[in-house]
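Only one chain is shown below, in structure tokens, and it's the form predicted on its own.
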């Protein structure tokens, strides 16, 4: 996330469309997925000062408004809609044009992609067993959600690649720091929106299936131990 938003990479992403799409692929997909898989929150919570954890972090997290908002965005339909909807929103030509010209709107765009990516992949790749009380959905629903979000991205990427000529005028008006044709730039951006984004859904699906199989194995081992203990007691 730092590399694509706080280095010279960010400068090029403001003038080259396909670099911009790589930036959002990193923020919304790759980096967010890696952070979720690392599951750093328990370690960060333990490492935080006790006064901060007990007097601010825990009370705020357990407050009604925060839990309510978190529960709302962790609903599968809402999460999938936000995940795809933000991509479509920020790639709407008129909105995209304004966002690329406005410093504060540009920051909101990138922050929204990063935060939504974290929330979505946490819903799908949460390392803990399903628990409705904790807004952790079952593995079957996780598979459906991660598969569903792939198709709108494929459609959007294909549209940009085949029919997007003249759609993103910002890059024609502002010019590119690289000697790259605007149509080539657009087509590369469409491919990045189309193929790598969809492949991230395939990767997410494989991870969910792996989690499901490991959970089933743990349950089977636990039941075997319980049966052995009951037999020895008898």
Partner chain sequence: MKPRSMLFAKKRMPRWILTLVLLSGLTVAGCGGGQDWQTKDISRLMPELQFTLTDEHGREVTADAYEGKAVLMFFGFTHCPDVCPATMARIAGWLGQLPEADRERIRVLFVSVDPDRDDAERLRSYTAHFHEAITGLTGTQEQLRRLSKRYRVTYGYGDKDENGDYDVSHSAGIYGFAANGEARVLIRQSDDREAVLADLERLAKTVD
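The structure displayed is predicted, hence computed values, not measured ones. Numbering follows the first chain given and starts at 1.
Keep in mind that the form predicted in complex with its partner chain is missing from the display, and what follows is about it.
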| query | finding |
| --- | --- |
| Contact residue in the predicted bound form, chosen from 65, 59, 49, 40 - any heavy atom within 4.5 Å of its partner chain | 65 |
| Listed residue that, although its partner chain is not shown, lies within 4.5 Å of it in the predicted bound form (heavy atoms), from 155, 89, 147, 115 | 89 |
| Interface segment, criterion being heavy atoms within 4.5 Å of its partner chain in the predicted bound form, picked from 200-208, 185-193, 28-36, 171-179 | 171-179 |
| All of 95, 104 and 135 with a heavy atom within 4.5 Å of its partner chain in the predicted bound form | yes |
| In the predicted bound form, residue 11 touching its partner chain (heavy atom, 4.5 Å) | yes |
| Close approach of residue 143 to its partner chain in the predicted bound form, 4.5 Å, heavy atom | no |
| Non-hydrogen atom contact residue 125 with its partner chain in the predicted bound form at 4.5 angstroms | no |
| Close approach of residue 44 to its partner chain in the predicted bound form, 4.5 Å, heavy atom | no |
